[in-house]
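A lone chain, given as structure tokens: the form predicted alone.
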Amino acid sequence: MKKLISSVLVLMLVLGLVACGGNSAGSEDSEASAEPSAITVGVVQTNANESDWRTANTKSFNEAFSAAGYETKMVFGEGDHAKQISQAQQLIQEEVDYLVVLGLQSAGWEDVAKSAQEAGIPFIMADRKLDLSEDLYTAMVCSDFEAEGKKAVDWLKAQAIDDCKIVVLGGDTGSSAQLGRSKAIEDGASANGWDIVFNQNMKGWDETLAKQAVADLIASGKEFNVVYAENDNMARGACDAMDAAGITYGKDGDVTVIAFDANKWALEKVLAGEFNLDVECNPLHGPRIVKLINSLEAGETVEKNAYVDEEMFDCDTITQAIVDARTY
């Protein structure tokens, strides 16, 4: 009888161990099959339809983030700086993993950056540099707008135009793009004895506003021989106004046209001799931010301040092959 009881106890013990082992394996299988949660990236964008450049910029983020498997929460300020600040704070409250900010204005981001830091959310500047001390942000991937403007200034100086009378069509007041490009031409005019006969910023980098401004300037009788338009769309608006007034421009015209951004359609105008110069501002930041985030996820040290390499395109040297190679 004792032997029978012992055998039963041994059998129960063995079955218990097998059952425990089975449960453990099942737990491990469950854990192995569980997929890691996607990285959530909050993006505070400027405007949805600000310009062709901005459309390409937004598309670049969406495509690159989707390909990387990120969940994207993108919001648009639509020209309202206070709205962007509120949107950024909301994304922090939603506990996104990374916060990417493209600020309408350079100033006023300190509280957002501090909130992100307190929440342990990396704060990344894209496109436009913000006025923040380096301890308040994780990394920056931006264009150097003053350097872009200096390229245009150096090119204009080399043209040796007699009695330069310049129309400056600036972008959104207080944005780093406007500040940098405007500073370059203003410093260049002061250094070279050029006359800036008109200097006005266009809210939203708007083509229609630029066209109207130049039309009004022409109607006033003000003479000019250079248009320095701080994006492609405003340059096109200025050209439309000159067309209506019978003023020639471009390679064989009376007015030299300088544009910024270098969208494909604008490079076609450079090739056709309608724009004399277009300075590149590359909008394809999506892959750059993905690379940055992946490096941070891997625990790697990243470059704190990275500026995008950019070119300029002269109507005398641009080729069809350059235009054809443009992806945006």
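One rule holds for the numbers: they count along the sequence shown, beginning at 1. Because the structure is a prediction, the values reported are computed rather than measured.
A second form of this protein, the form predicted in complex with alpha-L-arabinofuranose (AHR), is not displayed here; the remarks below concern that form.
> With the cut-off set at 4.5 Å between non-hydrogen atoms, does residue 228 touch alpha-L-arabinofuranose (AHR) in the predicted complex?
No.
> Would you check, heavy atoms only and a 4.5 Å threshold, whether residue 278 touches alpha-L-arabinofuranose (AHR) in the predicted complex?
Close contact is absent here: in the predicted complex, residue 278 is far from alpha-L-arabinofuranose (AHR), nothing within 4.5 Å, heavy atoms only.
> Report yes if any heavy atom of residue 61 sits within 4.5 Å of a heavy atom of alpha-L-arabinofuranose (AHR) in the predicted complex; otherwise report no.
No, residue 61 stays farther than 4.5 Å from alpha-L-arabinofuranose (AHR) in the predicted complex.
> Although alpha-L-arabinofuranose (AHR) is absent from this view, report whether residue 236 comes within 4.5 Å of it in the predicted complex, heavy atoms only.
It does not: once alpha-L-arabinofuranose (AHR) is placed as it appears in the predicted complex, residue 236 has no heavy atom within 4.5 Å of it.
> Looking at 167, 177, 210, 242 here, can you tell me which has any non-hydrogen atom within 4.5 angstroms of alpha-L-arabinofuranose (AHR) in the predicted complex?
Of 167, 177, 210, 242, the residue with a heavy atom within 4.5 Å of alpha-L-arabinofuranose (AHR) in the predicted complex is 177.
> Counting only non-hydrogen atoms, which stretch in 63 to 71, 286 to 294, 49 to 57, 264 to 272 is within 4.5 Å of alpha-L-arabinofuranose (AHR) in the predicted complex?
Careful reading of the contacts points to 49 to 57.
> Within 4.5 Å of alpha-L-arabinofuranose (AHR) in the predicted complex, which residues of 175 to 208 have a heavy atom? Give them in sequence order, or say none.
Result: 177, 181, 205.
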